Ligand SMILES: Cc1ncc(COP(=O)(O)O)c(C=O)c1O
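One chain follows as structure tokens, the form predicted on its own.
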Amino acid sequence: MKKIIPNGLSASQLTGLVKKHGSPLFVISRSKLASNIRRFRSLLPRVEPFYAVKANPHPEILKVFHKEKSGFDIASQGEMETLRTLGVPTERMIFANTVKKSDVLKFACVNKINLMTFDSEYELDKIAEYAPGSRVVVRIKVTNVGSVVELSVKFGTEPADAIPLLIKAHRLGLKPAGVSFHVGSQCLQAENYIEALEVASIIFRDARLKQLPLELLDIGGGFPISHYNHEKDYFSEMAPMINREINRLIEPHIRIIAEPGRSLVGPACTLVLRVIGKSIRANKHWYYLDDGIYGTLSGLLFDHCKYQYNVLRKGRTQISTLAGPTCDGLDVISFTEELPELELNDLVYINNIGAYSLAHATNFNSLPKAKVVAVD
């Protein structure tokens, strides 16, 4: 019986890909990307996904989501240009960076990308000057308790200031369009969404009383994935509670979008590494791999991620250390992995690594980044 890797590849396919393309190798599953966005829509039927391009901007990923009619959350001119090259219509983009450069606002205006977020008066003034007439969405600060990556410290205005800011937007000739929030990345508590929806619904009611015709609610990202095989499916458990509160609090005519990144791309990618060195240090096996913290495993630092390291070799396990290929002592991947004794050229693979990993990777020590291959 052939061994099946959790993303659908068999062990023989995995080794065959490495034999053909070398390592480190970053494998994107197109079918998994498509099933992930369909699953998102089935779990949250009132919510339109706008994929957060920053999570992984590889063109093969963007092509799949474009084919699936996804919207896109963009944060830079480079992301806009990439999407325009792929033929994504501007009405399927939201410029969701609350601090935008003036020249990029001009670019967005010229290219009719006119839906964007803000969270301060200074940003409103800038938008009014460089992208006049834009539709603006106020981002509010909400609870991020229990989320792996806290975002409310840096982004979001106080909810009490949302209506005054939207009124100012109207006076500046902009078009107040709605409200957005973000509960924090890899959010494991449905309560964060429930509380944020309560706050947003109050703002919508107040806006209606003040004759501000808001039409859009952006519930951000943060939808969690499982990094380990034994973890439960947090998102599917949270979705019914989120749906219930959406239907209770948000009127049917309000368009609802979200900015999922990790939940769409994370489970669709696998990183395959090779053992390039081996030693015994402090009575423990150390295995040196051909990618590490300065490369595709950068999520360990920048995204607070934890990964499951899998091997094809069998045997009795012992606590081992995995390290990356650079000359920096920081480049240690894990000190506490239960692994059978590995040999040079053995493969180590990591599933659920599609989000942020490749986007953060560097060429430190002039080491090449992992080669990317897309499979069906």
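Values in this document were obtained by computation on a predicted structure and should not be read as measured data. For every residue, the number given is its place in the sequence shown, counted from 1.
What comes next is about the form predicted together with the ligand, which is not displayed.
Undergrad: With the ligand left out of view, choose which of T157, S185, Q189, N114 has a non-hydrogen atom within 4.5 angstroms of it in the predicted bound form.
TA: Here the answer is residue option S185.
Undergrad: Just one of L33, V27, A52, V348 has a heavy atom within 4.5 Å of the ligand in the predicted bound form. Which one?
TA: After the contact test, the surviving option is A52.
Undergrad: Are any of the heavy atoms in A96 no more than 4.5 Å from a heavy atom of the ligand in the predicted bound form?
TA: Contact with the ligand, yes.
Undergrad: How about P267 - does it come within 4.5 Å of the ligand in the predicted bound form, if we only consider non-hydrogen atoms?
TA: Although the ligand is absent here, P267 would stay clear of it in the predicted bound form, with no heavy atoms inside 4.5 Å.
Undergrad: Using 4.5 Å between non-hydrogen atoms, is P260 touching the ligand in the predicted bound form?
TA: So P260 counts as contacting the ligand.
Undergrad: Please tell me whether any heavy atom belonging to G221 falls inside 4.5 Å of a heavy atom of the ligand, as the geometry stands in the predicted bound form.
TA: Flag for G221 set to yes.
Undergrad: If we take heavy atoms and a 4.5 Å cut-off, which stretch out of 177-185, 127-135, 242-250, 286-294 is in contact with the ligand in the predicted bound form?
TA: Heavy atoms within 4.5 Å of the ligand in the predicted bound form occur in 177-185.
Undergrad: For the heavy atom contacts within 4.5 Å of the ligand in the predicted bound form, list the residues of 344-376 involved, in sequence order.
TA: Contacting residue: only Y356.
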